[in-house]
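Before any questions on binding or motion, here is one chain by itself as structure tokens, the form predicted alone.
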Amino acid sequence: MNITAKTKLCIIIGDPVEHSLSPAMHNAGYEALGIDDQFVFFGATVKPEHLEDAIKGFRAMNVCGLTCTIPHKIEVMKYIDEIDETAKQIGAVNTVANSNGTLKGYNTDWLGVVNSLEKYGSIQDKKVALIGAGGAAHAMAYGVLKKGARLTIFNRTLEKAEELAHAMKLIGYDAIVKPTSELFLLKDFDIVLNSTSLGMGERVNETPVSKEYINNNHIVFDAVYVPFETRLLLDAREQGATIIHGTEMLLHQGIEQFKLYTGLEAPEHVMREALELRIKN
């Protein structure tokens, strides 16, 4: 890297954020394109109670790009100037671009989901089970519904699942709501999406789905990407299911972010290699 006082800052914020591979992925892309003197990407832990102050700080520092991960994807919408229409419909923002002092929010997570799933065929009319109803779930729900899937949202707190279903209803999409106590119904689904944080950090040995509910007809997609193979994905592999690692969502949403922050096409193969290298090490 060739960082100077002219280098533009791009930051990922979350709590926790130490596990994030976004800095390695984006910085590898900058270096490959020879723009690592123009952009640098790093992470910063921001507690929920400090989010508003953090956004004020980013404005003052004229930060170029802001990536939001758990738990800021919804709350950040209160503190920025504009929100892209798709992000409004999703109800969550994971990407904030600074354009001449105006902070505009976008959501690239849904593309990370759809682009990863469609490698295995059309999502049209597929029965999709979404576990969780937080910020990441909003993007997953929007993405699969936009592509014509039949969605059921499973969540421990039904109220949150109903709020997500209602948000999708407002933009013309229907979803069914079920408690997680009914995950035994998964045998009738084609795709299982985990949007919860189970499987990472202190809960690394936990899974949102009992192994017995997974079969070899499923595509199982976990948004968690550290560790590379979560307990959910290990169980799914043993059951013969097709698995999609969270790194795929991270990569494809990051490619869209890269364009928003730099105005350039992202070097996908370089960014993928950077992710794989970090995970293996």
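Just count from 1 along the sequence shown to find any residue number. Predicted model, so just to flag it, every value in this text is computed and none were measured.
From this point on, the text means the form predicted in complex with a small molecule, which you will not see here.
Every residue in the set Gly132, Gly135 and Thr157 has a non-hydrogen atom no more than 4.5 Å from the small molecule in the predicted complex.
The stretch in contact with the small molecule in the predicted complex, judged by heavy atoms within 4.5 Å, is 220-228, chosen from 220-228, 55-63, 32-40, 235-243.
In the predicted complex, the small molecule stays beyond 4.5 Å of every heavy atom belonging to Ala28. When contacts are judged by a 4.5 Å heavy atom cut-off, Lys127 does not count as touching the small molecule in the predicted complex.
Heavy atoms of Cys68 never reach within 4.5 Å of the small molecule in the predicted complex, leaving it off the interface. Although the partner is absent here, Ser195 lies within 4.5 Å of the small molecule in the predicted complex, judged by heavy atoms. Arg203 is the sole member of Arg203, Lys104, Lys178, Lys146 with a non-hydrogen atom lying within 4.5 angstroms of the small molecule in the predicted complex.
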